[in-house]
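Shown here is one chain on its own, the form predicted on its own, set out as structure tokens.
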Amino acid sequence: MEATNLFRQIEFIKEVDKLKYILRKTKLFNSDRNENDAEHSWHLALMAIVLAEQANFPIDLLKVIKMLLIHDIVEIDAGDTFIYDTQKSHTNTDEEREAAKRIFGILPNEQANELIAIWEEFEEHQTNEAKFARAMDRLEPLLQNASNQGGTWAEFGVGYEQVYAKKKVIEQGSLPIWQYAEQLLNESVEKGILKK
């Protein structure tokens, strides 16, 4: 039984290496290189560790870290959907659910069920942990775009109202971080790197 579990765990580890090849639209800070999903997930987990004291409520930090490390694994099958895409919804899709079942299903049942539940909790963004994790997920690309003279905002013609609407959910996880983010958005408008 243990040998079978180990085999499945190793297969999962090899499968999720594919996350390193999924490119996001955003670029690394002060760079013209696109970030990959693995870099993004690692950065969010580290951000959560550093910024946990800014959460609106007490959080289970380990659960937040798990959410952030696995939240984009489904993109191995489903691909990355640009948050400002007007053709395809960025919300949870049947395609992503199938990907979660397949990829996490490689693991032994107990681990698979735990990770699917954590992934679903993140997607539903109702718990304190999910709200804070989502705040991290929305903050990082904002910081990246501000460091890259507008980055994907400029590249894809995304305006202030669209960005503001997507970023305002940061407030649900952390009011202080939202206040910082809102100020950064306004400064980006003043600098001309985000069009109002």
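Note that this is a predicted model, so its numbers are computed, not measured. Residues carry their position along the shown sequence, with the first being 1.
Although it is not shown, the form predicted in complex with a further copy of the same chain is what the next lines describe.
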Could you spot which one of W42, F57, Y164, F156 gets a heavy atom to within 4.5 Å of a further copy of the same chain in the model of the complex?
W42
Please run the contact check for L185 against a further copy of the same chain in the model of the complex: heavy atoms, 4.5 angstroms, yes or no?
no
Any non-hydrogen atom of L46 within 4.5 angstroms of a further copy of the same chain in the model of the complex
yes
Check Q149 for me: does it contact a further copy of the same chain in the model of the complex (non-hydrogen atoms, 4.5 angstroms)?
no
Going by a heavy atom distance of 4.5 Å, is L107 a contact of a further copy of the same chain in the model of the complex?
yes
Those residues of 95-127 which, in the model of the complex, come within 4.5 Å of a further copy of the same chain by heavy atom
L107, Q111, L115
